[in-house]
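Single chain ahead, by itself, as C-alpha cells, in the form predicted alone.
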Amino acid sequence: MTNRPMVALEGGGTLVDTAYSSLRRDIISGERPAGERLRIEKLKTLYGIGPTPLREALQKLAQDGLVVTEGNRGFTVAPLDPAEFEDLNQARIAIEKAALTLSIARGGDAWEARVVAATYLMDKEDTALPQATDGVPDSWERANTEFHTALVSACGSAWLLRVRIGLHDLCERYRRASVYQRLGSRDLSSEHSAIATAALARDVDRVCALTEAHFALTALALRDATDLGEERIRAER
C-alpha cells in the first residue's frame, strides 16, 4: 500500500474537504476495505494531512454511513451489509426506472448516439473483466457508470438525476465487491446488451424489467462477498 501525501488542496478546498474526498474515494473503491480500523496516525502518513482535518472528515463520512464511530476507540470503515445494499438497491431501482421511463420518451438522436457509444465501451470492459486479478478495474467502473448514465441522460429531471447519483455512489463499493466475487459466472456483457437493445427499441416495460433484474443480481451476489473485506484485513495483520 503506497503513501499518497497531498501537498496541494484538491479543487482549492479546505484540508477537511481534501481529507473527506480522498478517504471517501478510497473507501468506495475498496482501497480502505470494510472493517479496517482508521487510525489517525496511519492516515496522517498515508494522506499527508493533520489529525484535526482527518477527524472532521471521518465524522462527515460517519454521517454518510461509510464510517462507523466506536466511541473512544476511533473509526472503522463500515461493513458490507447485504441488508443495507438491498435497501439501497430498492431505492435505486425505483429512481432508475422513473428516470429511464422519462429518458426513453424524451431521448432523441443525440441520446441514442450516446447510448450506442456507451454500450460499445461497456462491452469492451465486460469482455476484459474476467481477466481482472486485483479487484474490479476503475476502467470497468467508469464504463458501467457512463452506460447507466447514458440511458437516463435524456430524462430532463435534475432532481431525479441528483438523487440517482447519490444512490449510485453509495452502491459503488458494494457493486465492486459483488462483481469481483462473481467474475466468470455472470454474463454482464449480455445483460448490458439486452438493456441497451430494449432502450433503443423504446420498450419501456422491458428495459425497466431488465434493469431491475440486473441490479437485483448484483445485490444477490453480494451475499457471497460479505466476508471479502474482513478476509483482506485478516490477511494483512
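Please read all numbers here as calculations on a predicted model, not as lab measurements. Here, rigid core means the biggest group of C-alpha atoms that superpose within 1.5 Å across both forms. Residues carry their position along the shown sequence, with the first being 1.
Another form, the form predicted in complex with the DNA, is not on view; read the next lines as being about it.
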With heavy atoms only and a cut-off of 4.5 Å, decide whether residue 53 touches the DNA in the predicted bound form. yes
inquiry  = Can you tell me whether residue 106 touches the DNA? I mean in the predicted bound form, with a 4.5 angstroms heavy atom cut-off.
reply    = no
query = Taking the shortest heavy atom distance, is residue 202 within 4.5 Å of the DNA in the predicted bound form?
reply = no
Next on the checklist: So in the predicted bound form, is the DNA close enough to residue 133 to count as touching (4.5 Å, heavy atoms)?
Outcome noted: no
None of 147, 140, 75, 85 but one has a heavy atom within 4.5 Å of the DNA in the predicted bound form; the exception is 75
In this chain shown alone, the residue from 66, 198, 34, 49 with a heavy atom within 4.5 Å of the DNA in the predicted bound form is 49
Per contact check vs the DNA in the predicted bound form (non-hydrogen atom within 4.5 angstroms), the hit among 169 to 177, 204 to 212, 34 to 42, 188 to 196 is 34 to 42
Superposed on the rigid core, does the Cα of residue 215 end up 2 angstroms or more away between the shown form and the other one? no
Establish whether a shift of 2 Å or more occurs at the C-alpha of residue 73 between the shown form and the other one, with the two forms superposed on the rigid core. yes
Relative to the shown structure, Cα residue 140 and Cα residue 76 in the predicted bound form (3 Å or more change) are farther
Against the displayed form, residue 160 vs residue 60 by Cα, in the predicted bound form, with 3 angstroms or more change: pair is closer
